[in-house]
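One chain is shown next in structure tokens, namely the form predicted alone.
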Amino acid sequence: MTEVHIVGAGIHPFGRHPEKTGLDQGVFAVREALTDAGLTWEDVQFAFGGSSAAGSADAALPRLGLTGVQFINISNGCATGGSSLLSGYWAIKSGEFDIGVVLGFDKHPRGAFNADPEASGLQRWYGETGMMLTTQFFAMKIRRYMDLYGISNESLGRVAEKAYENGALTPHAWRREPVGLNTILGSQMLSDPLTKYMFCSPAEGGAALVLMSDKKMRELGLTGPRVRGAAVRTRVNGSFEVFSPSLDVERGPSPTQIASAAAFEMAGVGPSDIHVAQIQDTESGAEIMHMAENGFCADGEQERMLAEGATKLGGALPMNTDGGCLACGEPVGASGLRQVYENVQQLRKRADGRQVANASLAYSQVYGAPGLSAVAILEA
């Protein structure tokens, strides 16, 4: 049976880069990944990639080389990167190809994401009331969750505090300075209960991975983490998602719960086996809710875990070790691949200053609108 490995990983630092286009940053990331693998673009048999606001990802082809390579553009909200990875995984797993690249990049303007409701099958009134603003939706969702499960404002602050601590140790992060808990809690309230330091910012950046079959990897004498499980799932009846105009009385599972369960089943492992995890943290509340949705704790247990430092470097399960979206920002096309890039660094013992000791199983989960989730599990 063909196995899929990541033999190269590249990233363009996230943040603001007025001198570069989003495409510039994506091409940079691909070249870094190819160099990491010791390959050239001419070796690549296929590519999948996506960008939300910086043009079509296949615009990278004239820069990289017009080789006739199969290139398919992917668009799946913030889960674009995770979806590109799954597509590349399938392409090799099927036996059709041996070497491929997945890439993502973006360049967003300042300000909150404010999508077009009609593009998601909703009427204009939904946007006119402000519900397409992610700041408002996520604030209402975490407020409800806090009331149901006893999550405190201090826990929201601890998530952000950890993010900035980790970002200070990460060369590709945007926010490179720690921010104290009191500063986070006392900063400007944007949408109750979330202050300005609890939100990520739309950003710029690029990330790319080189995927390879185990047979070709051995033939070329390369090494790299194995993709042990990967899944993308969408919302079901009863899910309450970012563009849901109502909350069902009878709740259904979230797409993250479904994707997580599918990836764990494929990998033959469970949440307790994971050594390091990157999960969606569009804002502090998202990380808290996704801790439970990914199976790492029960609803409400986050309060204790965060107080004990369980998700910090050196804790029982370090999460978002590069600072996550909070410290890196979120360029939609690149965000999911950044998570996998970080896990590759962790598994290859390259995460200087933030290395998780003895990490051999790494997990990533990215959530996207209008309600889907992509999960990948890597093994050293």
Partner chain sequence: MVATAVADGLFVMHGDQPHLIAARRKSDGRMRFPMPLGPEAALYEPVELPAEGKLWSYTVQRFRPKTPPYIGADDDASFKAFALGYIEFPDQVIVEGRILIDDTSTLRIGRPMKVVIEPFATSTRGEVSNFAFKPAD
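Numbering follows the first chain given and starts at 1. All of these numbers come straight from a predicted model, not from anything done at the bench.
Another form, the form predicted together with its partner chain, is not on view; read the next lines as being about it.
- Proximity of 131, 147 and 248 to its partner chain in the predicted bound form is complete: all three residues have a non-hydrogen atom within 4.5 angstroms.
- When its partner chain is considered in the predicted bound form, only one residue from 190, 297, 262, 220 comes within 4.5 Å through any heavy atom, namely 190.
- Comment: its partner chain is not present in this chain, but in the predicted bound form one of 185, 139, 305, 179 has a heavy atom within 4.5 Å of it, namely 139.
- Residues within 4.5 angstroms of its partner chain in the predicted bound form, judged by any non-hydrogen atom, belong to 117-125 and to none of the other stretches in 117-125, 263-271, 170-178, 276-284.
- Put simply, residue 95 is far from its partner chain in the predicted bound form: not one heavy atom of it is within 4.5 Å.
- Using a 4.5 Å cutoff between non-hydrogen atoms, residue 226 does not count as a contact of its partner chain in the predicted bound form.
- At least one heavy atom of residue 143 is located within 4.5 Å of its partner chain in the predicted bound form.
- Using a 4.5 angstroms limit between non-hydrogen atoms, residue 309 is distant from its partner chain in the predicted bound form.
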